[in-house]
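There is one chain below, alone, in structure tokens, taken in the form predicted alone.
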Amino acid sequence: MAFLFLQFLNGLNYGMVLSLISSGLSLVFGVLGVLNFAHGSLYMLGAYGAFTFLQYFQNLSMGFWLALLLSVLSVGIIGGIIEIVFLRPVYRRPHAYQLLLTYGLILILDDLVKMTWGTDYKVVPKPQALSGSVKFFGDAYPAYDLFIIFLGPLVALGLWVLVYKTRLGMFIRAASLDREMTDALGINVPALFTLVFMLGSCLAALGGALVGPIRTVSPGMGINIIIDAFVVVIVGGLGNLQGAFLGSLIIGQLESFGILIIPRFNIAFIFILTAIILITRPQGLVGKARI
């Protein structure tokens, strides 16, 4: 019983990390209409950013959180530059152009990471306050992992409030439905798109920075996570924030318990589910919806 519960928590933990990343991916697609393959690279930069900033603040009691904040903000700025320089000229072109462009960005960013940090694995220490564990049924579970489990729904709720309950969110939804009409009403749509892309980048970086203490930080880590993130948005529904959260929970548990059923078939479970969704409900479980 204890083992199954801890496995359930592991699934929730991975699901919440996926939720952070896939919600940013879904937000960008829902508003900008861009399938951003480079989203995983922004996640990777978030992890490396946390590692680097922590070198400067490791002696401070709030060093980890300061490093996390600076990492997220830095990647948000990088995301804004990517949107302005690379993506803005291809918005009106077919999705194939965007896919090729963002795939090229993956290669560029991966090489830049190797040139800057090398190919060695990096380890980000856990914050002191969350370095302990909590016991469930007599077995210990890392407090830091529990923190991620609780943080995921809070971030998802905050994003939902921003998009559906604020004036800025109203502009974002209007731009996602009809950018020409929104522009005609005097709203600066290009700046709004840049802001949305920066927000999506920040969510990816937050996921990467949080994962640093529980997984090794290495070049190419973004490619692994982006595949699962795309599976999540397909399962939940492209461009649907609620779907991204639901899909993350499902994939997290499938990843966690699938390995118990048939260990060597674990990854296949996820893609079998994806195939079933694409065949029977291509709009996703919650439904395809522009933000």
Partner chain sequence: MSIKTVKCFIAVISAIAFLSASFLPGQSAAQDQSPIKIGGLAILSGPLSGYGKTGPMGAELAVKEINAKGGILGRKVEYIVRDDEAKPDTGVRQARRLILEDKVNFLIGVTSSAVLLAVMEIAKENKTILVGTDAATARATGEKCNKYFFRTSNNAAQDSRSAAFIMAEKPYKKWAVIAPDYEYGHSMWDNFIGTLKKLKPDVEVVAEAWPKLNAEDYSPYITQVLQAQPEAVFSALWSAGNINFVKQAKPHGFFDKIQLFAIGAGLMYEVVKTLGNEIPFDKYWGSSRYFPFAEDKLIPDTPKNREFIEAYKAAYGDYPEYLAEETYAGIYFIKAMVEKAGSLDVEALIKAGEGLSFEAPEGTKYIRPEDHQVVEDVVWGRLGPSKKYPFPALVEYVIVPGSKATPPVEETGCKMQ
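Treat the numbers as computed from the prediction; the structure is a model and nothing was measured. Positions refer to the first chain, counted from 1.
Omitted here: the form predicted in complex with its partner chain. The next part is about that form.
Proximity to its partner chain in the predicted complex, taken as heavy atoms within 4.5 Å, picks out 220 to 228 from the listed stretches 65 to 73, 51 to 59, 241 to 249, 220 to 228.
Here is the short version: of V90, V123, I77, L157, the single residue with a heavy atom within 4.5 Å of its partner chain in the predicted complex is V123.
For the residues L107, L177, L99, A140, the 4.5 Å heavy atom test against its partner chain in the predicted complex is passed only by A140. Proximity of L6 to its partner chain in the predicted complex: non-hydrogen atoms within 4.5 Å are present. For I214, a non-hydrogen atom is located within 4.5 Å of its partner chain in the predicted complex, even though that partner is not displayed. Taking the partner from elsewhere, Q128 is found to have every heavy atom lying beyond 4.5 Å of its partner chain in the predicted complex. Residue contact with its partner chain in the predicted complex: N10 places a heavy atom within 4.5 Å of it.
Three-residue candidate spot D145, L260 and R264; every residue lies within 4.5 angstroms of its partner chain in the predicted complex by at least one non-hydrogen atom.
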